[in-house]
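We begin with a single chain expressed as structure tokens, specifically the form predicted alone.
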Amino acid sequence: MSERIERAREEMSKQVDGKVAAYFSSCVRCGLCAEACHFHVETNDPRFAPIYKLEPMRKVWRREQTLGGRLSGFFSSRDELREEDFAEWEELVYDSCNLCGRCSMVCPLGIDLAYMLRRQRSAFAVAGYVPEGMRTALQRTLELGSPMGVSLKTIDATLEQVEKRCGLKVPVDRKGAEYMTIFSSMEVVNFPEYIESLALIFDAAGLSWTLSSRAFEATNAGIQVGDNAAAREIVERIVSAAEELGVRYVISPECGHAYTAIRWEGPNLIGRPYRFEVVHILELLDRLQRDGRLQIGSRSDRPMTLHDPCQIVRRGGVVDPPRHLLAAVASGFVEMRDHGTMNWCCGGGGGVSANERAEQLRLRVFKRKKRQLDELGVDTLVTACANCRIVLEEGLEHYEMDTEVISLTELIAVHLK
């Protein structure tokens, strides 16, 4: 066995913590998780059952932490983790799981399968079994600061255009500002109007804010891949910049993955609490509206519905703020049948949107989202995640649906008093 695979086995063993062991011990193989996964529901492929995707980790748990496994280990190598396991399961682990956590919501025993698969990816990263697109995105992040290769020069050019359009100065490296905002590369490259909307809203609310030239990227490709050392480095860049500027809050942008990375995983990765508070942009906007600092001047009567980004709503707990905000600006807001914490993923989370190999599978399971929209007959879809926005637009175009996807933050900016 190669040294690399031996290290991967050791990593997998390390990832089987007490929580994972308790989950495996509790699982009764009822199959309910499969019915909550759009990859399984839309393909009827039993390999896409969430619990089956964890079979490599189950092997290690069974062999090392059960009496039967330890005894059988003397006579059989059946549960020994081999390189073939990494090769066989790589596609299941990275292509057919968005880490969305919907399967965890229906488990009668409360097993957090997304937590387990996130940990399992760490061993696959050590083994070198990671899709090329995701590996390249992480490499660019570490070397250039962004998974899409966005540099400070790109940021400066984008800010210059934003300032021309809105007539406001976007502050950079302002020490003592109360808020520091970070962006995902997709907002900078694909949706600079989001940055313009922030400038307009923060000016109207009288917010003291800034960007950091040292840490503007919110996306953490290390977490998506499962490379914990890289994930830690990316978080530390943001933490160091925020603490150097002395801000009280870091604003996570319209990016579900970024919110999970900096808000929930970040302190554990760096091994200490922050000296600031992380707040999602929707939480902040909701707070500003309730405090009377965000004045809405008009409402749209256009029928609209809301796509809940998994990492913000289901995994992150930001359930009510987007509904408060959308109801304030849209009298025609209607909910999908499965919404809130039970909404169906767009299909691009967990790094799948960066995995070119998974594109056809992702478009196939988008049928679940298509059905949600077809049931409502609404032609405007509001969301609060740049990655969701791109994936939704691709899926809608693929199925020739005449549905517009818009940002909730941008919608608020349009309807400012």
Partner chain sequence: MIGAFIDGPLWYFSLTVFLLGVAWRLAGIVRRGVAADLAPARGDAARGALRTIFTRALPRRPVLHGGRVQMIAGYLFHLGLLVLLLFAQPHVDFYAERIAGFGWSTLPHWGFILASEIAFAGLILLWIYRVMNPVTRLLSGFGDHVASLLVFMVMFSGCLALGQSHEALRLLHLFLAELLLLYFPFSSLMHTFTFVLSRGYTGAAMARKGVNA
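What you see is a predicted model, and the numbers here were worked out from it, not measured in a lab. Positions refer to the first chain, counted from 1.
Not pictured, yet referred to below: the form predicted together with the partner chain.
**Student:** Although the partner isn't part of this model, could you tell me whether residue 313 comes within 4.5 Å of the partner chain in the predicted bound form, counting any heavy atom of the residue?
**Tutor:** Although the partner chain is absent here, residue 313 would touch it in the predicted bound form, with heavy atoms inside 4.5 Å.
**Student:** Please check if residue 403 has a heavy atom lying within 4.5 Å of any heavy atom of the partner chain in the predicted bound form.
**Tutor:** Residue 403: no, not in contact with the partner chain in the predicted bound form.
**Student:** Mark residue 362 yes when one of its heavy atoms lies within 4.5 Å of a heavy atom of the partner chain in the predicted bound form, and no otherwise.
**Tutor:** Looking in the predicted bound form, residue contacts with the partner chain do not include residue 362, since no heavy atom lies within 4.5 Å.
**Student:** Is there a heavy atom of residue 109 no more than 4.5 Å from a heavy atom of the partner chain in the predicted bound form?
**Tutor:** Heavy-atom contact with the partner chain at 4.5 Å: present for residue 109.
**Student:** Any chance all of 242, 246 and 415 sit within 4.5 Å of the partner chain in the predicted bound form, going by non-hydrogen atoms?
**Tutor:** Not one of the three qualifies.
**Student:** What stretch, of 43-51, 349-357, 373-381, 388-396, brings heavy atoms to within 4.5 Å of the partner chain in the predicted bound form?
**Tutor:** One stretch meets the cut-off, namely 43-51.
**Student:** Which residue among 188, 137, 318, 231 has a heavy atom within 4.5 angstroms of the partner chain in the predicted bound form?
**Tutor:** So the residue touching the partner chain in the predicted bound form, by this definition, is 318.
**Student:** Among the candidate residues 165, 337, 290, 275, which is the single one with a non-hydrogen atom no more than 4.5 Å from the partner chain in the predicted bound form?
**Tutor:** It is 337 that has a heavy atom within 4.5 Å of the partner.
**Student:** At 4.5 Å, heavy atom to heavy atom, what parts of 24-43 sit next to the partner chain in the predicted bound form? List them in sequence order, or say none.
**Tutor:** Contacts from 24-43: 25, 26, 27, 28, 29, 30, 31, 32, 34, 35, 36, 40.
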